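Coming up is one lone chain in structure tokens, specifically the form predicted alone.
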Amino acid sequence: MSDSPYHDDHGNKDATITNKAGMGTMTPAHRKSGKTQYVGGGPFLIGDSMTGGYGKGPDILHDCTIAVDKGEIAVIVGPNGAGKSTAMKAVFGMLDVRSGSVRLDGEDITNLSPQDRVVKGMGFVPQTSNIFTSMTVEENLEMGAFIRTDDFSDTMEQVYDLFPILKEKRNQPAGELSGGQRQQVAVGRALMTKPKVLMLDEPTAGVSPIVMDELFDRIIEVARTGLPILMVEQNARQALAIADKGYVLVQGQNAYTGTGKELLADPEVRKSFLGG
């Protein structure tokens, strides 16, 4: 990785891989979406004071807030069972937010289905089952552009520029790739939608330290185009090292919030979550 993971120039690089004007339209598979309302102000994406859980089960999140602005990398860390992935899924609409709200680019999207949130500009990469193993690399990327009606060939070339190994293996079934290469396919497919925000759930899970460093370098590169990145990460120390903003969750609640540098320097955070 680069010597200095903190970049003062987040947001002023080539933004052609992002979509500041929104996306196309599609008929949602989930028809229970509600209305949205423009509220304005605040961070570009925020899950604000979220309390909720899955179905009729108990609350997992308790007044939890996470947010990210344009050009930022925000990371969610914490011990196992802290609700990190649950918080990400709540922002994406995969569980019931019983109180609180989710706002994207000034619009309250709390009542939208995940499918409609994708149309609004959310690119989400789950931790597992995030590629089509029987399809080729290029077919996976084409699937990422399913909501688009324009020519997406330029975006595909940008993804190939970001992940050169994918261009080399574009005709190979994605299931034959290494774990790190599969993650690149998953991220690349999300970028094919030209999202307004990119959400990554444990992107380095199960990969080697070298591959983790490479993935973090690419994540930094994407953020420097101005695209906000919200990421759940188990490798807390390494994730905070590249983070503009960090959230430490404990039992579904905000325990510590600050810049990545502040959290790395906090003695309580270091002692409790970073191994001293």
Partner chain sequence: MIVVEDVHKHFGGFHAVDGASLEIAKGSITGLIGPNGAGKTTLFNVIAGVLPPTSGKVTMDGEDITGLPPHELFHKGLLRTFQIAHEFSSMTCRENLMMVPGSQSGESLWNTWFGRKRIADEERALRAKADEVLEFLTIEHLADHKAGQVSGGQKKLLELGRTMMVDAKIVFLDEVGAGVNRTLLMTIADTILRLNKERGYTFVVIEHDMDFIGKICDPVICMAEGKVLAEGTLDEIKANEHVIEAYLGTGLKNKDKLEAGS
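The structure displayed is predicted, hence computed values, not measured ones. Residue numbers count along the first chain shown, from 1.
In what follows, reference is made to the form predicted in complex with its partner chain, a form of this protein that is not presented.
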item	value
Touches its partner chain in the model of the complex: S153 (any heavy atom, 4.5 Å)	no
Touches its partner chain in the model of the complex: I60 (any heavy atom, 4.5 Å)	no
Exercise: G188 in contact with its partner chain in the model of the complex, heavy atom 4.5 Å	no
Any non-hydrogen atom of E202 within 4.5 angstroms of its partner chain in the model of the complex	yes
Within 4.5 Å of its partner chain in the model of the complex: residues from 217-243 (heavy atom criterion)	D217, I220, E221, R224, Q234, N235, R237, A241, I242
